[in-house]
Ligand SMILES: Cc1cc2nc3c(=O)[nH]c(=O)nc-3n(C[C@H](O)[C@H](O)[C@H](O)COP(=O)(O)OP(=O)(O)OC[C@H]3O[C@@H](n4cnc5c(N)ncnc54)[C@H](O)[C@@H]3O)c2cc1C
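Only one chain is shown below, in structure tokens, and it's the form predicted on its own.
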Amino acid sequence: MDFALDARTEELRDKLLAFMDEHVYPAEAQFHAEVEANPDRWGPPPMIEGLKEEARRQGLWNLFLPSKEGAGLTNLQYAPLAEITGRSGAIAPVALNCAAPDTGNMEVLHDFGTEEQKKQWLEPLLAGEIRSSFAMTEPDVASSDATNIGTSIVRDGDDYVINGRKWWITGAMNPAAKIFIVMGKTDPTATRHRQQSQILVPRDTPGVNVKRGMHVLGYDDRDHGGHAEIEFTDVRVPASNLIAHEGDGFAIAQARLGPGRIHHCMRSIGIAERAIELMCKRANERVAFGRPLAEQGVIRDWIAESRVKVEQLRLLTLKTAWLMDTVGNKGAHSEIQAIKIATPRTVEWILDKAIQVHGAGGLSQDFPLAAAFAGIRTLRFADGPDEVHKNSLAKAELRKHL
């Protein structure tokens, strides 16, 4: 395993670091001020469009997609770039058109969509003209088991009719989210993993009711387009909106999650790195009981532990990306689960210590730490809770010793 950056990645990394210094970090205050100034508006403020234009001009666009429509990067090449964007998670991923859930949805359409579906939805998503959401989680079942979903997708002539209730649908409060990929059951009598299908539902389809935004530890995540509760009541769409075939929904969902977990984990490492920087800066500036916090033994212990933890995490995630590139997602399955378990938990610990060093300020809107903590805590549920991944990983380990 060689994790040294190749020339292409080094070039993009240098360009992205400069873009962050020159355009993203200086825009953070204005970004959050515009969000606060428009309490009834969901999604990023208008100033983000200028950043998108600049990113596109510099060739920092669709870096996540490993095909000619994107930058053609491998998972290992994209990973360090995703880490950099995580340092300003509300702005940089959107500016580069590399934000979830659009990345996963674009991958689904790219890999499984028809030419008509790609023309109608993938192309405007790749151009950054619209946003999208992925509607799977439901309030009435334990969604940690994706086969539990109860939303029905019933064939009726040349259409499908959809009925069900979803929640925590990321980005769906943003009016720019023009298309939803909805997962439901087309055949409840089929084998457990062949009951589900995925279908494209335009936002303006009659019967689609985006009811409310869910709060995350008090945050509405307005700058990310929120997390919506949505009702689908007799929603009728053409049969041509089905993605792939009936019964393929579970397999498509699994394929969607592999690269997404690399993206999430590397962005989270970027959050951790910024938290360590803020923690060190605060410790050097503040004096308590006659000496700087930086001279307190417990503070130094937290900083040292944070550095060790983040380096371990990065190496594990890079190994996972390398395995995905060399032996495929199936061959990297255990490592994908391992990073999903380790990353949110570890970054949560680092953020907690950074908040503690900041005192009451760490809990406030004056620093990015509290909002980052809420987001990272959410990640321990997103794409499956810790316990599901631990159970599956342990089963794989046990099989080795049968």
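If you're wondering where the values come from, they're calculated on a predicted model, not measured in any experiment. Residue positions are given as counts along the sequence shown, with the first one as 1.
The same protein has a further form, the form predicted in complex with this ligand, not shown here; the description that follows concerns it.
With the partner removed from view, the residue among Asn97, Ser268, Thr170, Asn241 that has a non-hydrogen atom within 4.5 Å of this ligand in the predicted complex turns out to be Thr170. The partner is absent here, but in the predicted complex a heavy atom of Ala135, alone among Ala135, Ile91, Ala82, Ala321, sits within 4.5 Å of this ligand. Although the partner is absent here, Glu387 is a contact residue: one of its heavy atoms lies within 4.5 angstroms of this ligand in the predicted complex. This ligand is not shown here, but in the predicted complex it comes within 4.5 Å of a heavy atom of Val141. Put simply, Val161 is far from this ligand in the predicted complex: not one heavy atom of it is within 4.5 Å.
Heavy atoms of Leu316 never reach within 4.5 Å of this ligand in the predicted complex, leaving it off the interface. With the partner omitted here, the stretch from 241 to 249, 303 to 311, 72 to 80, 162 to 170 that lies within 4.5 Å of this ligand by heavy atoms in the predicted complex is 162 to 170.
In the predicted complex, the residues of 364 to 400 lying within 4.5 Å of this ligand by at least one heavy atom are, in order, Thr378, Phe381, Ala382, Asp383, Gly384, Pro385, Glu387, Val388, Asn391.
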